[in-house]
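Shown here is one chain on its own, the form predicted alone, set out as structure tokens.
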Amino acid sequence: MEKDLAIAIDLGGTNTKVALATRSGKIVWKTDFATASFPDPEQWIRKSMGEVKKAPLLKKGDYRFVGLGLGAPNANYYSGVIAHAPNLPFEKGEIPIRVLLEKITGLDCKITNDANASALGEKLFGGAKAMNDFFSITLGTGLGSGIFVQGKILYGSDGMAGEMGHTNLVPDGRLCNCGKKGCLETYVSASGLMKTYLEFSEPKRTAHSALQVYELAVEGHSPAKKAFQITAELLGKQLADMAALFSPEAIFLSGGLTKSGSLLYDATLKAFNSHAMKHHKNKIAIRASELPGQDAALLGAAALVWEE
């Protein structure tokens, strides 16, 4: 077994996942705990490291921690700060999380937002190993995106580039958590799908989750099918606009909404090719992520350690 290990942490608003991963992308141990139980950042870090110390494999051999990678909402690769993350229990404002991690762990630590981490994971361990230009789109409660250009992830001048979810889709449309109106993620996400469904649903048959909308759509329920159709068409159209800017080799989709399978993929691909520039039509694949669903975020965090 490989002796060099990366500590990978996926910090979510509900749960924190912690894992140990090898250079080849194998998760050899993992656990999770409730994020909200540790509202102080230093307390949260000590809990994370306390869990690592419990890993049974550490008692069975000679292992070396090479570094720590953290994927988290609003995490900035350059500054090492988590800035104004509304869904985390920490005090609002700028949390110098990388400095705190390095002080407590003594390791070289890297952070980025969860969507960029997923893109890094796709490049090192997933379907984009041989690609230099691609998008990774995460469709969950919101919409995250990571963009690879010429073999490197796009961070921009301040570490905040690649926020496709906050490109404007509908002028003066739905209010987004970022403060803008009409952002893509307010329409193309699990929460956006629900809002679209409720605009067409009958009072007697209301779904309470994106999963229930999917189940109704499979049954042939017209409002649910229409909600999926609209969501997929909007995603395909916006991806076509993004392709005009970056000309990717492929686009990888991940996250809970992608479990709807052909309901999402078929209409998205059709809309993409309908709106794409002529030289992009039927040439850019829209594919499911090849990272295992339950470990995708953790592999992305591990990729931060192994990317160099």
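Quantities reported herein were computed from a predicted structural model and do not represent experimental measurements. Start at 1 and count along the sequence shown; that's the residue number.
The protein also exists as the form predicted together with a further copy of the same chain; that form is not presented, and the subsequent description refers to it.
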### Task
Assess the spot marked by Leu154, Ser157 and Ala244: is a further copy of the same chain within 4.5 Å of a heavy atom from every one of these residues in the predicted bound form?
yes
### Task
Just one of 116-124, 161-169, 136-144, 223-231 has residues with a heavy atom within 4.5 Å of a further copy of the same chain in the predicted bound form, so point it out.
161-169
### Task
Sort through Lys30, His280, Arg46, Lys26 and report the residue having a heavy atom within 4.5 Å of a further copy of the same chain in the predicted bound form.
His280
### Task
Have a look at Gly255, Gly67, Pro41, Pro248 for me and say which one sits with a heavy atom within 4.5 Å of a further copy of the same chain in the predicted bound form.
Pro248
### Query
Hey, in the predicted bound form, does Lys270 get a heavy atom within 4.5 angstroms of a further copy of the same chain?
no
### Message
Test of understanding: in the predicted bound form, would Leu263 fall inside 4.5 Å of a further copy of the same chain by heavy atoms?
### Response
no
### Contact test in the predicted bound form: Cys178 vs a further copy of the same chain, heavy atoms, 4.5 Å
yes
#### Entry: Exercise: Lys237 in contact with a further copy of the same chain in the predicted bound form, heavy atom 4.5 Å
yes
### Message
With a further copy of the same chain taken in the predicted bound form, which residues across 55-93 come within 4.5 angstroms through any non-hydrogen atom?
### Response
Tyr78
